[in-house]
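First come two forms of one protein chain, each written alone as structure tokens, so that there is a structure 1 and a structure 2.
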Structure 1
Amino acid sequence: MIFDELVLHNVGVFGGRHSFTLTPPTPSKPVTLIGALNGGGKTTFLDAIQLALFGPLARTTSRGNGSYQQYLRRLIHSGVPPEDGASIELAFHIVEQGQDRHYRVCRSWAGTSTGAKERLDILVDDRPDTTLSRQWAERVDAFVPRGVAELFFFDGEKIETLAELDNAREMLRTAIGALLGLDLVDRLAADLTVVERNHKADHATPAMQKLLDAERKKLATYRQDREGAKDRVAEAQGAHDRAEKVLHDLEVKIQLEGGELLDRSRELEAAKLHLTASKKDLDTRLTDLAAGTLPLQLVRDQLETLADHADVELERIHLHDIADLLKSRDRTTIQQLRQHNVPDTVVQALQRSLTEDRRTRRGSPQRARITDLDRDGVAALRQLLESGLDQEIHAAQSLIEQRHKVENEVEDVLRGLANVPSEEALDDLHKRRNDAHRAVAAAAQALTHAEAEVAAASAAEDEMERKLSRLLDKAADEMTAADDSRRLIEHSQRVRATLKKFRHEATRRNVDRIQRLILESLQRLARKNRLITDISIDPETFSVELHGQDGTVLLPQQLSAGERQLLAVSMLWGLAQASGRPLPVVIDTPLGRLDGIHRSHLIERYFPQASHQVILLSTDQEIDEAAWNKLRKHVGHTYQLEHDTNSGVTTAKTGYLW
């Protein structure tokens, strides 16, 4: 299925007629991005798609607890008279028997004294189809099964509650039932129960009939009590959601006003002291280095020349010392030759030769020394030039880099401290936040109480059902001409037992695949992709367990808000893949409570691959300029919803917020 166009006329905040082209231009650009600020009409857009498809059975956000007609009347734009009415048109196409078939669902309504009067027209390939228009409520499941619609059309911020595994249980039960067609099995089993019950009652004795009637009245009362309790749960849930939204908005406002910095002010002061001490220590170490041999780096070339000159001086001294030793030896040699009467000519010739030899060895005349370094001093100087000085330069550079880093951190801390608001400035917001916390707690308590009432009413109803069933069985036993009736009832009971076994086995065989798809989806999206290593779903109760690296069970409370939202997205994504249905995905507030990395994963790994068509309804803070640059290559259409607070009208124009 491909959504081609959505037309809104005087629907909610959309005054006048607004048309959105949704058909992806190419398979590589499946995303339609619609940007708006809060209150700009994003939720109305999502609700309109569901309302167009499912009418009274649509699970829209803004319907509340009133009747469908009252909801339609409220949905008419406030700037027009109710009798002018409103309309939604949703055009889509699907492939049937190898050819594209185009459908247009036109749902219009006008206000009346009791609510609203609705009209539904279905066009197939631009031609009205009156039969399909009359039967649309029964046949819409062939296009989009209601049981799986929530897997494809959802509010990204609200789905986090699915990570509360008790909430996920009912969603999994409904979705898996719809995916496997088990809703038909359940309906057949329920119909058989009614047939059995009616058959037993029809053939009961007058006395038993009277008793059955009395029990039926009690059962009707219990059912009424249960429905009333359910209404109270819905009201309590709505109050709880509203209280949580108020709290969330206050948390955001406090954060924007610097509340987080105020909470961190002590931490910032401690960081300032620590960083200042670190900077002082680094300065001391740098001073010590500067007081040592480090400054010699400035005259390194001259020191190398000095070392070379010292070597020359030491060599010259060494040659002079050798020449002095030879002179003493030569003098002794000449004296011994004369004592042994060697002819003078010979002695004089030898003496001249030795004198010339010493002159040659002595070399240049000895000059005054400049360096005054001995060999140990020259060796120390060489060691300093070859390695010691480099080590000190490296140490100094490292200290300077550390000091620069500390200086930057000090500036960040000082900047943060400068922005810390006074406690008085946030006092009113903190009081309102405390009130909001109390309101959330009270709403949660009321919700728990209402849910307990539903449980109690359901238990009473179930007990009465069982009691009525036992009476019916007794009535059946009392039948006189009972052969055919008994056989009918026995066959019906056997069929119901078989259906129950079929349901269990079909669920068990598919749960393994669904677990794997959910886990794969989660590991593609999560930043700590090894945090959850396994997910198990009980095929009987649909309870979900998360397992960590060492096989231990993880509780949802151990996950951050962003991780819970990713888990919920993974559940929907895994189930959507398991459904095998090529349906568009529509997401309102897709990045609500995610941090930067989780947002990046969702933008890069989920949105372009969630389906062949993805419609995102985002604020400027969710898909901001950086996110838009990452996503734009996958975007085929962009719209911007602008709401005029003075006129109360939202208008749509092409182009995104950035």
Structure 2
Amino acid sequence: MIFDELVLHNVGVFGGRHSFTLTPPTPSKPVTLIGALNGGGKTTFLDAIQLALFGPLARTTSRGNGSYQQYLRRLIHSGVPPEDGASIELAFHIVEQGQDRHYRVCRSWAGTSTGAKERLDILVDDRPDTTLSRQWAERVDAFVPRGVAELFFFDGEKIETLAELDNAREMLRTAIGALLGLDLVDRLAADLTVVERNHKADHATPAMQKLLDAERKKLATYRQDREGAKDRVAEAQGAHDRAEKVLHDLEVKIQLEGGELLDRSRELEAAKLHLTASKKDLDTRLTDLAAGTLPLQLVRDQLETLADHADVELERIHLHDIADLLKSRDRTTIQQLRQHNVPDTVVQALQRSLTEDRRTRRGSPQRARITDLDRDGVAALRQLLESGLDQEIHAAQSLIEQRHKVENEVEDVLRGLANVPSEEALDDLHKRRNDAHRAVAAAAQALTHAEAEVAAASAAEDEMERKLSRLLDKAADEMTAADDSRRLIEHSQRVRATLKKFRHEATRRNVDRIQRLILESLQRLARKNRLITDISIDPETFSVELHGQDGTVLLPQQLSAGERQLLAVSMLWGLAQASGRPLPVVIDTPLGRLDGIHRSHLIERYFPQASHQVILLSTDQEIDEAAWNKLRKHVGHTYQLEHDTNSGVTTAKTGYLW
């Protein structure tokens, strides 16, 4: 990989846009030298490269403990408003399948009220690749594994701490892990552990067992409930039967004691009232009848006689009347005969004959009248005798008959009423019967309720049984699954053991090579190159042991600060070589506290060969004029960062301090 260009726009001290061309012009000039005074932006430059590549995961020196957004916001140049934002572009190319492929990572952000909003664009061969942009965080390791980035991008002053054996061990562990792809192995092992744990959770049949037990217990409870409910039904049935028996007994008793008659008493009373009324009505009609001609019936014989006598009397009167009439006419006739001089003898004879005739006509001599009835009276009497009286008698008979009937009915009613027991005697019975009715109703309700309970309990039990059987099926399945899990866990454990072995073996083999490379590097760089004769790394713990000339173990404290820095550089170099990754090397403050001899060793032996591209961020004190002259033939590009303390703006120019 070769970094082609880094563009900083409003990043940190870099106000405005600054572009650094980094591509080495020839393989013999791999070094790009960037000079600046302290505070000039060297560290910003190094951080920018890491930030461009790794974003939130970059291990930059200036980030501190704040959030990534706040860090980005802080990183925006102080001379511009945060909303304007900042951007970093890192262009590099790598050889893929025999061809150069150019990448450009553009990371830009703008300040917001709370932090910053970041945007990442990846251009491949000048074309935006949205998929890669989205997946960059995962894919960046393919270009620059984060684990080894520290081996290639580092601050010379800070690496001294690597010589501290504890730090060294950690770094070695990370680096070797990353180098060998052992982090993959570790992750695989970790994932396997997770898998095992998951399957162990699955395997945990006791939970199922517990569930089954709980369901079984519930089922038992339901069964018990049902049995209880059945008992209650039987109980309620008994109570109901008893209540009905009581009621029945009471009914019988009430019937015996004329209870039903009592029920009828109202009817009877009503009938009595009605009958009394009709009797009264009949009496009235009889009374009316009595006021008529009925009493005459008592003297009917006398009435008959009276009628006959009256007829005779009237006939006699009639005859008398006729005789009187004839007498007067006879007299007139005789007078007229005398006037017409009819002989006296004739007249006298006629007179005698007429008188005789009248005497016979008159009949019996006139007697005193007894009946004293006129014709109308007789007619009325006859009418009375022929039909009037009989009609009245008939009517009276009918009424009397009715009255008898009514009286009989009244008697029946009265008898019935007499049979009706007294209200008080039955009140108690009726009350008890009402109570019994209520008791029966309550018992029936209780029975219904209990039956409903039984039904509910049965349903619940059935449901629970079905559920249990389903659970048992499921449990059987789970047992099978648990077998699978067990097998899986076994295999997983075996794989993990294998992985561990593999890791150990791989580490051991590589550790040998790394030891050798570090030692070589150290011996190339160190002035007292016999001081450390051997380096051994424990493949298990990654603890580093330094061995002196006579095989004694050296402690880092016995080394000077410069020596420790050299050791650290050696370790980085060795590891970088061991990684086999063709990555550029970026070193900030590369010479730090080294003395002149060590400096020249680094300048002459390390920088030109550290990698195919080496970017040095140096102060004027480190790469001074003498060093510059030595390094010059390896340098492809030079830049100078000038910081204006008044404006706080750093500007980059080509060329070096000298």
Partner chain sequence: MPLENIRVSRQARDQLITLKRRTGITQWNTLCRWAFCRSLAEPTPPPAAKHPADSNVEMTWRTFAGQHGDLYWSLLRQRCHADGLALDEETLAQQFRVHLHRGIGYLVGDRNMRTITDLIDYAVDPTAA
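All residue numbers here refer to structure 1's sequence, counted from 1. Rigid core here is just the name for the largest C-alpha set that superposes within 1.5 Å across the two forms. Computed from a prediction, not measured in an experiment: that's the story for all the values here.
Shown as structure 2 is the form predicted in complex with its partner chain, with the alternative form given as structure 1.
Residue displacement note: R73 has its CA displaced by under 2 Å between structure 1 and structure 2 (rigid core superposed).
In the core-superposed comparison between structure 1 and structure 2, the C-alpha atom of E83 has shifted by less than 2 angstroms. V553 shows a C-alpha shift below 2 Å between structure 1 and structure 2 [criterion: core-superposed Cα displacement of 2 Å]. Once the two forms are overlaid on the core, T333 shows a Cα shift of 317.6 Å between structure 1 and structure 2. On a core-based overlay, S492 has a Cα shift of 2.4 Å between structure 1 and structure 2.
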